[in-house]
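Each of the two blocks below gives one form of the same protein chain as structure tokens; they are labelled structure 1 and structure 2.
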Structure 1
Amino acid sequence: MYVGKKLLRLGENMDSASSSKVYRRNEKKVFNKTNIMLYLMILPPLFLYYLFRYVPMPGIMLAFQRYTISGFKYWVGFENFTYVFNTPFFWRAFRNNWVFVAFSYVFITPSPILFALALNEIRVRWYKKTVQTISTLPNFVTWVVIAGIFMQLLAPNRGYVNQVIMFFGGESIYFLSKPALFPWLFTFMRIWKGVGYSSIIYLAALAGVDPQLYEAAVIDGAGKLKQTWHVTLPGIRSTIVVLIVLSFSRVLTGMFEPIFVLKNAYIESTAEILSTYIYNLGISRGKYYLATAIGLFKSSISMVLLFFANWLSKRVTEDGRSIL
């Protein structure tokens, strides 16, 4: 009886509280106590983003300006761009950048897919696990170390690769001074570093393929190759498509570190890319306005690619997912 009464009262109180004007007003206000706390919690990220990403944004204007030694800025329109577009060094970096992009899509994109397909066929669990453990580790090691390892490995005379060549009676080759070889070596290093880690997502997708489909295929008399073609690949198709589409928006970014570390005077003609060129021009040589112009040009291309990827993503993914 008593308990029941108390419960009833509780209900009454709550009801009257929520219907009271004070409570309602408080709930409706954007800046009530709860919301203020929540806004305070997100303030540090907002501030850091504002300071380090938004404040530099107007700096893009530098691409349309020049300044005198005394620091007086004046507008020059597209003069910086025309100047840059007339230098062969810019076009060299531009061309190399796209060569690396082409190598990426031809060799690096398929490698984790093939790796995952092959690894998926291995039934011995400890073996599979060992291969995965070893191949994934380099992904977490900085490019400086990876580059250092390969520089030692490919060093003339003392390097292991040249020791093997000399063992079979060949001549020692200074691999990292040959411009024609660099895109190949760089692609090899990227695969060596990244194939294990990139394959994780495909292995997860492969684990999700319905085993009944394989059984049905076997009953229909399909061999391993046909099973892969008709069951496995369609099963992970959406993963492959999404990842490729996503990669379009960042084809021109992310290669600075390895190129910066591996580049030397001999191979500059095939190794220099836009971001390292911007660094050289802007930070090392202080031509801020030219470097900013190239940077703006580069990010405009990235932006177009991002919109393209977004459009493509909406069309090719089953649920019409957009990136933006």
Structure 2
Amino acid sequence: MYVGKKLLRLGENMDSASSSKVYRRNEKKVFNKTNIMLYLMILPPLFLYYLFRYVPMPGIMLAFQRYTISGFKYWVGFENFTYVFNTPFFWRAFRNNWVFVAFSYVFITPSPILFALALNEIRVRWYKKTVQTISTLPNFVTWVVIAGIFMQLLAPNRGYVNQVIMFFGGESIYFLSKPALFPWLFTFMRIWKGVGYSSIIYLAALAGVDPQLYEAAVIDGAGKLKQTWHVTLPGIRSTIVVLIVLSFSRVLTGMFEPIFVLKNAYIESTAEILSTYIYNLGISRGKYYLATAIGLFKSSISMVLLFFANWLSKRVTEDGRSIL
């Protein structure tokens, strides 16, 4: 009986030792049964990223040569950059780009934070879920559809907004033909489209704030505003910093589609940005060398901003760690 128990224990130990050896052997393998499907799932996006990001990179050389539809002409060095920097249209697009960037960080960036804070205070569960769902839906609508919706709403005669204005005795306003008004309208459209979806991340961060901190703040006599300022915002500060830092990489690249579908000849002075200017030069006018030069200049600025944001994150985060 005793010998049988010893043999049984010895068999169990051998089984556990062999299984641990198999586990360690699988750990050393790059591909095994547990992770092979994960690698297969990531292959399509990696292939697309390589196809559209790395394969076109030799085309950067077009910025330093004269190249037309018929092919390569001759090398020009930095003459393309000199020509572009001496055109007023480039600097107008460059200025408009930074105007939209400033509007983004002043109005669009705080909007999902404020919206998430407001949703977090709602105690009726079904109402909170309904508001969150409705506010998230516009994010899944393309800019072409959104542009069509706002064109109908803001139409001079038949648009609902102008009908309300004329009902109260006002005159019809051509909203999408006023250059000074377009940056504000475009910023409102971007907020309406993305505020619900962007607030999801902040709502998840708010769920991780320790409730005991709020109880301590109430005991100390802090109201809702002070609780938000001294407890809530510091609790989600790391999330805010990470999202702001990541947004620096697409500061000059994320507005082509909406601007392209909304821009017209009347508002071109304030609606033209670098991306649409590159499209007009390269696709519409066939000046690929100038478009490539502007694109390379724009990418260089984005890279500098990304490194600056990474440096800034070291100064802002509590542990002093960078994002990259």
Partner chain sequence: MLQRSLSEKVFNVFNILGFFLFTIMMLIPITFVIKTSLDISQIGEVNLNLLPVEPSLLFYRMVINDESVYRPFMNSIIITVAGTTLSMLVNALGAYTLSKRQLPGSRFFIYFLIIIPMLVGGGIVPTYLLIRALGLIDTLPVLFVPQAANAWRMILIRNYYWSIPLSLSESARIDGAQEFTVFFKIILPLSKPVLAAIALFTGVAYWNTFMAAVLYIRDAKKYTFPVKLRELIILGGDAEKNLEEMLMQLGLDPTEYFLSIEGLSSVMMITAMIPIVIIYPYLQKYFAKGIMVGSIKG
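For residue numbers, the reference is structure 1: its sequence is counted from 1. Basically, rigid core = biggest C-alpha set you can superpose within 1.5 Å across the two forms. Please read these numbers as outputs of a predicted model, since none were measured by experiment.
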Selected structure - criterion: the form predicted in complex with its partner chain: 1
Cα shift between structure 1 and structure 2 at F47, which is computed once both forms share a superposed rigid core (Å): 5.7
Core-referenced Cα shift (Å), L38, between structure 1 and structure 2: 11.0
